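One chain comes next, on its own, written out as structure tokens in the form predicted alone.
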Amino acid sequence: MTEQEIIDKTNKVFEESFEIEKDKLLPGAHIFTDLGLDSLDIVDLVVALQKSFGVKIRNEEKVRNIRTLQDIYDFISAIKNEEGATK
């Protein structure tokens, strides 16, 4: 999966699950202050990302450090790379 595919798929999750307009989905956008998500939305976000990418996201330190869309892109990319390395 390419980086652009990860970006497109992640942005689609935000558009469909949280009705956030495409033009607000910038890599540096803070998911709480810029995109308006709250702590309860994060649970929905994790579920939507798991479903969209077919990955398991565990409650780990890296998840707690996610603040921006770029952090999410990087996190998903790392999971997909780890998956590819184990296959």
Partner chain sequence: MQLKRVVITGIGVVTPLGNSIGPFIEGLETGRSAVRFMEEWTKYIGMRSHVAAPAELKDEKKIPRQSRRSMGRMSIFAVQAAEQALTDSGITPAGLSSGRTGCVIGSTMGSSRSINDVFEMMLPDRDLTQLPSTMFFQCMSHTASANVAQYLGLTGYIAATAAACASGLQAIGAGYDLIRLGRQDIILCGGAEELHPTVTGSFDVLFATSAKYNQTPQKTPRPFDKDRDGLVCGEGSGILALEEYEHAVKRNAKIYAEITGYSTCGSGSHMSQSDKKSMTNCMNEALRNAETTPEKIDYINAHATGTPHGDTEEAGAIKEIFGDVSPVSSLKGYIGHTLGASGAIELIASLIMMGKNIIYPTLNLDEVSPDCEGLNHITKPVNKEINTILKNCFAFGGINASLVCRKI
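These numbers come from a predicted model, not from an experiment. Numbering follows the first chain given and starts at 1.
Although not depicted, the form predicted together with the partner chain is the subject of the following passage.
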property	result
Residue 23 within 4.5 Å of the partner chain in the predicted complex, heavy atoms	no
Interface membership of residue 17, the partner chain in the predicted complex, 4.5 Å heavy atom rule	yes
Contact label in the predicted complex: residue 41 to the partner chain, heavy atom within 4.5 Å	yes
Contact test in the predicted complex: residue 62 vs the partner chain, heavy atoms, 4.5 Å	no
